[in-house]
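Presented as structure tokens, the chain that follows is alone, the form predicted alone.
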């Protein structure tokens, strides 16, 4: 996981272990580091930000005796990630769900994202996680566009032990979502998770459809599900959904298979939205809270 970023940081640390740093060398290391980040799918704006942070770190190192162990230098350099990573709090989300449950209303979460991002599987994973934390949910099959989407969601819902509300293909997605909300309220189910359609290419019709669903059900949270393997495309897609629909959190799917790592450190900085959870495997249990330490440890120790 994140092998590309790990190599970029480690090679820099190895170079710095034994070298004295002139102003010219600092500039060269910073430029090389930025190019290495961009090659690993880090957005240019984010690479520039990290480059600025790195320059400050290197200037501080110039004032001290070098020759520190590589691991210590690597740890210092990895601190620059703090300026671009934004954590979402699962515990805060659970508190909001609990407050809504006490009021007798279901907490409604709308999921958006492109085709192939892992959105439908992520919906089921979150349903499973919430169930384990004592919050049963109901899933709305509001992707009435993609062939097989409803059947896929019903199968995943059965595995997670969660009921799925659906209609026929071609039905109004907003109507399906509202049916689910009304059913949850009637049966005192505390959470509704709304799966929605995606497209390979984000188009205006899709975004207007998401707007309509949001307008009809007035969700408590909107979660964008991005594919970590999509690199900068995931960042641009997230920005489009946030602009048209409004996004509160990001879930990054397939992080375990991401060899480069650029989207993991770009997406929250570029959108200003925190990453709430990350997908780390195929099982329903493979959804973890996102933390800065998760990325740091992957880069420093390969964990």
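Note that the coordinates shown come from a computational prediction; the quantities given were computed from them, not determined experimentally. Residue numbers count along the first chain shown, from 1.
What follows is about the form predicted together with a small molecule, which we do not show.
Just one listed stretch, out of 81-89, 115-123, 161-169, 181-189, contacts the small molecule in the predicted bound form at the 4.5 Å heavy atom level, and that stretch is 115-123.
Under a 4.5 angstroms non-hydrogen atom cutoff, the small molecule in the predicted bound form lacks residue 232 among its neighbouring residues.
Among heavy atoms of residue 253, some come within 4.5 Å of the small molecule in the predicted bound form.
Looking at residue 144, you'd find every heavy atom of it more than 4.5 angstroms from the small molecule in the predicted bound form. The closest non-hydrogen atom of residue 280 lies within 4.5 Å of the small molecule in the predicted bound form.
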